[in-house]
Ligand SMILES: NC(=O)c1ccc[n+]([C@@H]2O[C@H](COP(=O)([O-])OP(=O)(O)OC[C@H]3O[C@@H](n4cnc5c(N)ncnc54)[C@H](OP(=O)(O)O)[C@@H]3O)[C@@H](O)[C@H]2O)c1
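In the block that follows, a single chain appears as structure tokens, in the form predicted alone.
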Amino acid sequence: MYNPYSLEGKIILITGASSGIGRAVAVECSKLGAKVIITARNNERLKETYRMLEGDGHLLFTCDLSNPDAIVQLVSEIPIINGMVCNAGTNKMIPISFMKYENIQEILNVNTVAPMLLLKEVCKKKKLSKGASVVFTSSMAGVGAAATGNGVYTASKGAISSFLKVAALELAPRKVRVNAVCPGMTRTPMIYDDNVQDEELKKDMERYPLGRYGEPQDIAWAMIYLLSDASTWVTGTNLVIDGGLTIR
């Protein structure tokens, strides 16, 4: 049956796969025939994701990508891959006057430095196949949306949304494509951090023309488009998935 979005025969590395968007990407990729390599820091939740995968031949690595040595070790153990989703991320709402060096370092290490070093390592070790696709999880914050207290996170995602354009240029001779998905608010465990009340979330949801936040599968399906052969002429792009928020 004809399906340009099929991932049959592809091996996809997915970071931050223990919950939320990363878990959804892993599960949906497996449904479309990919063999997935999943990694995250939380071993128990990562095993939960592994049990949800369809098909066989999948691999699991518990790994803290904020540690550069762990990145080197991970890449040394994986096979050549056809796609990579750099999804691991963290956030903490911090007004500017309360920012601390440790907060900035932690968020940038996970959201910006780790995916950059991971891409560097898979390129250096020749673990990306010709024609591979790299997808970063950025954010609406990375392409201009601003919110009080979100400065460090915004900086971390803005850096990725800019970095991918250079990466797309450098890797184009090998037909390797580099893109990002920039979600609006998505129902993942991250949005319930920082003691946000349900009433606040419901009011915020009213800003979205489609009347709801995104689900992890909404973002996963966009990433699958970028991972599949349906997008072989797409590179250097920040793909906005926001339920219509930016048309307000």
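Here the structure is a predicted model, which is why all the values come from computation and not from measurement. So that there is no doubt, residue numbering starts at 1 and follows the sequence shown.
The next section is about a form of this same protein that is not shown, the form predicted together with the named molecule.
Residue (of R41, K47, H58, K31) lying close to the named molecule in the predicted complex, criterion heavy atoms within 4.5 Å: Residue within 4.5 Å of the partner: R41.
Can you pick out, from L74, V110, V122, V176, the residue that has a heavy atom within 4.5 Å of the named molecule in the predicted complex? The residue in contact is V110.
Quick check for you: of 95-103, 167-175, 76-84, 150-158, which stretch puts a non-hydrogen atom within 4.5 Å of the named molecule in the predicted complex? This holds for exactly one stretch, 150-158.
Answer for D64 alone: is it within 4.5 Å of the named molecule in the predicted complex, judged on heavy atom distances? Looking in the predicted complex, residue contacts with the named molecule include D64, since a heavy atom lies within 4.5 Å.
May I ask you to check whether S18 falls inside a 4.5 Å heavy atom distance of the named molecule in the predicted complex? Residue-level check for S18: yes, a contact with the named molecule.
So in the predicted complex, does any heavy atom of G211 sit within 4.5 Å of the named molecule? Contact check for G211: no, nothing within 4.5 Å of the named molecule in the predicted complex.
Tell me, yes or no, whether M205 is in contact with the named molecule in the predicted complex, where a contact means a heavy atom of each within 4.5 Å. Because no heavy atom of M205 falls inside 4.5 Å of the named molecule in the predicted complex, the answer is no.
Within 160-189, which residues have a heavy atom closer than or equal to 4.5 Å from the named molecule in the predicted complex? Heavy-atom contacts within 4.5 Å come from P183, G184, M185, T186, T188, P189.
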